[in-house]
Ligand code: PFF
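Take a look at this single chain, the form predicted on its own, given in structure tokens.
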């Protein structure tokens, strides 16, 4: 059986889709939160090193094997390295599905906060069913509003709506994706530039920018800073999730993927650069501390800063609405690509229609997203995450975000570097590239990147004890700290083994 995989109508459509995938929540809030937690400027140096020694070479690799094989990530690695390569690809897709589930949950919460911007988010009197929030807040309090939101059932509706929008954008493959990103990506840049202008024109706003770019040399020596930078680079550039290979497989085989990789990487990092300026200027103006999680930065800290932008209520509401709309638009461009990476893999492997592939993904995907927003209060003191859904999300994100992408990155460079041969890939890329890749590329893929990732993974695992989340005060639910990482590992392995050994139902 043959399948019509589709093609991009233009290079611009591909660049917008690929950069839109790379530009997402990781750029707006994950990057800013990681930068603050890891010491501002101390994070920037490892981050830029990661961009040049890790991000760009791996982007070239993933784009290159996509155009070379004309197939999605698992099938491309299968062509290169046989069953073991295909297994790595499917394991990557499994990790991407976990990320998609909780990513869309976060977008559902952002939709709830966006609606709240036009309602009671910036008004006093909020309460939530937690020990510290039982009494009405004397002033507008975004933290109380958020916890009240996630401890109710309304987010279920928002999450289903976000899933529906994703499936609508994906219904016709590259054609409908291209139409969507031509609107979404420019809007993201416009909204972010508005926030930048407002942030740096506020008193003390420039101090935040200076903090962001002033390095702390002591912080650079910490292993967790480097792990954070490398994980951020993988997530930010959509590496190790099958996305870039799937998108590149819809391009002609004579595409200049070295140039495309650099263009996508620079567009992504430029957006991250201006997003950091916007967020840090707001933080310093209002002396806010985002030293908690990325969620706290998105839903507590930044809205609190927006609340102080103006004494005019409608201006505050407008900026709040625009910020959460920006989050949703950026998130959609990424969630669409996450689902497309999975869908293209199923289509290539099983020869099924696009609508059937999307339905196959939607059933477990929507179920998982809804599990991550279960409103049951299991920690009223908020020593951890408060609700069952947020606890599930927090622990899953810790393991999948920090380790799945690094594991896959290590495996793919070993397969390409030692099984296919990094020199062979370099020659294929050079055949259609204006930028000639030298022997340094071979060295990076075969030796430097796998060695670097091995050190980062080993040091991170060494420092992992005690298990993440074990300090949370959640009687009756401590077992989740062991169950969640085990479930992720076992389910991903079973999933990958099943599809690796299932017969292919397409003709090459």
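This one's a predicted model, so the numbers in the text were calculated from it and none came from an experiment. Positions refer to the first chain, counted from 1.
The form predicted together with the named molecule is left out here; the points below concern that form.
In the predicted complex, at least one heavy atom of residue 241 sits within 4.5 Å of the named molecule. In the predicted complex, residue 146 stays away from the named molecule, with no heavy atom inside 4.5 Å. When the named molecule is considered in the predicted complex, residue 64 lies well away from it, no heavy atom lying within 4.5 Å. Contact between residue 32 and the named molecule in the predicted complex is not found at the 4.5 Å heavy atom cutoff. Against the named molecule in the predicted complex, the set 151, 295 and 372 makes no contact: no member has a heavy atom within 4.5 Å. Contact with the named molecule in the predicted complex, judged by any heavy atom within 4.5 Å, is made by just one of 103, 300, 87, 158: 103.
Checking 344, 236, 281, 257 against the named molecule in the predicted complex, a heavy atom within 4.5 Å turns up for just one residue: 236. For the named molecule in the predicted complex, the listed stretch (49 to 57, 473 to 481, 23 to 31, 452 to 460) containing residues with heavy atoms inside 4.5 Å is 23 to 31. In the predicted complex, the named molecule lies within 4.5 angstroms of at least one heavy atom of each of the following residues of 312 to 347: 334, 337, 338, in sequence order.
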